[in-house]
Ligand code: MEV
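In structure tokens, one chain follows: the form predicted alone.
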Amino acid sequence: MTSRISGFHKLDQKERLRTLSLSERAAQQLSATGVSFGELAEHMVENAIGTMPIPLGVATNVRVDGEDVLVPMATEESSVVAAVCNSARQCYEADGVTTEATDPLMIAQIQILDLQDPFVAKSGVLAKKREIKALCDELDPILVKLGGGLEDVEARVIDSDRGAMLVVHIVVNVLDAMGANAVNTMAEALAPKLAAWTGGRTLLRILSNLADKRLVKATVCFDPQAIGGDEVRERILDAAEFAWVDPYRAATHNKGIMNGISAVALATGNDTRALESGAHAFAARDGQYRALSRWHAGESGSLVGTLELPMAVGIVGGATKAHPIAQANLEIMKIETADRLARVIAAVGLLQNFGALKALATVGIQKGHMALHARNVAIAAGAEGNEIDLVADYLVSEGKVRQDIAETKLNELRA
């Protein structure tokens, strides 16, 4: 398989599906995206009234750890998929993006209050690690059989305006699952034991979405000639440094990264809100909110970017397993492990970041973004069929992507 599909964006939907060489079932599910999944929705959410389709595109040109991958992305923002395709093409010959990942360790927290001496209680809990492991592993024997289960127990005493509290962390290897259900079940079962051992009162028993023991690091290297030369490299480095030192810039910088990450997560049925909260919390880990990515000049004048962040995703359980479109999208990506999915998602986030930085540092974000957005404006003005491209092209040529102008042009065409 190759992710280099020339002219993929010019094909119609049926031709694109044929190009992907999917199983008949997956192709049928994707073809029926516009059909209401009424029964499935009824089981997935309370008070279901239907479904809310989100545009689903495929990013081409992507290489991660030496392997080509086609990446489904669910997003309503017109420039997101195009930016990944374009960024990936510029580093494709340099072997794309490389990644590193830690084990899939998730944290659940148990809060303990009303302790006479929190530090004595902390020592007592840590002395019970063996018993805690036995209790937690017993709750999920299949996870343990496959090589997962409780890895560690941590405890912290935290001062607050309502007094000191002891917070116990259980650290669990959840393998190919996102892991929320597994660790929450363990925390709920462990809480009464902790209360009995410490003499305190347990309150919250819940996972943390700051999954800082479950990290992925992506790295990419661009030849300066592939991105427009040394001046473009220097502009990108200045823009990236702005995001590192200023939280106002970092917020938008990181939003751009999450444009790519959340789009792939949504396409594969993963929890986009968990990823968003974990990423933004990680960005503030040193006390200041900063850019999630770093960029520097490498050997021979290259531009090197790195992105490191928590990546709690799974391929078993939850919507990932229940939703047929999520399953079809995993098939497109040839994903067989959560580790591979996490690496691909991080790579997409870094490519998205490069695309935004380059646009901002050169022509400005609006030129490319508004050109793609013009189609949405044309549709909002009432354009249909071939009218959409005619109106959109006119808006771009005039340099005024506005609905009132689109409506006027549409009326002229119809007249």
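For clarity, every value in this text was computed on a predicted model and none was experimentally measured. Note that residue numbering follows the sequence shown and begins at 1.
Quick note: we don't show the form predicted in complex with the named molecule, though the next part is all about it.
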request  = Counting only non-hydrogen atoms, choose the one of 52-60, 379-387, 66-74, 352-360 that falls within 4.5 Å of the named molecule in the predicted complex.
outcome  = 352-360
query = Does at least one non-hydrogen atom of G149 fall within 4.5 angstroms of the named molecule in the predicted complex?
reply = no
message = Whether H296 contacts the named molecule in the predicted complex should be assessed with a 4.5 Å heavy atom distance threshold; does it?
response = no
query = Does any heavy atom of T252 come within 4.5 Å of a heavy atom of the named molecule in the predicted complex?
reply = yes
query = According to a 4.5 angstroms non-hydrogen atom cut-off, is S262 in contact with the named molecule in the predicted complex?
reply = no
request  = Could you check which residue among G256, P104, G305, P310 gets a heavy atom within 4.5 Å of the named molecule in the predicted complex?
outcome  = G256
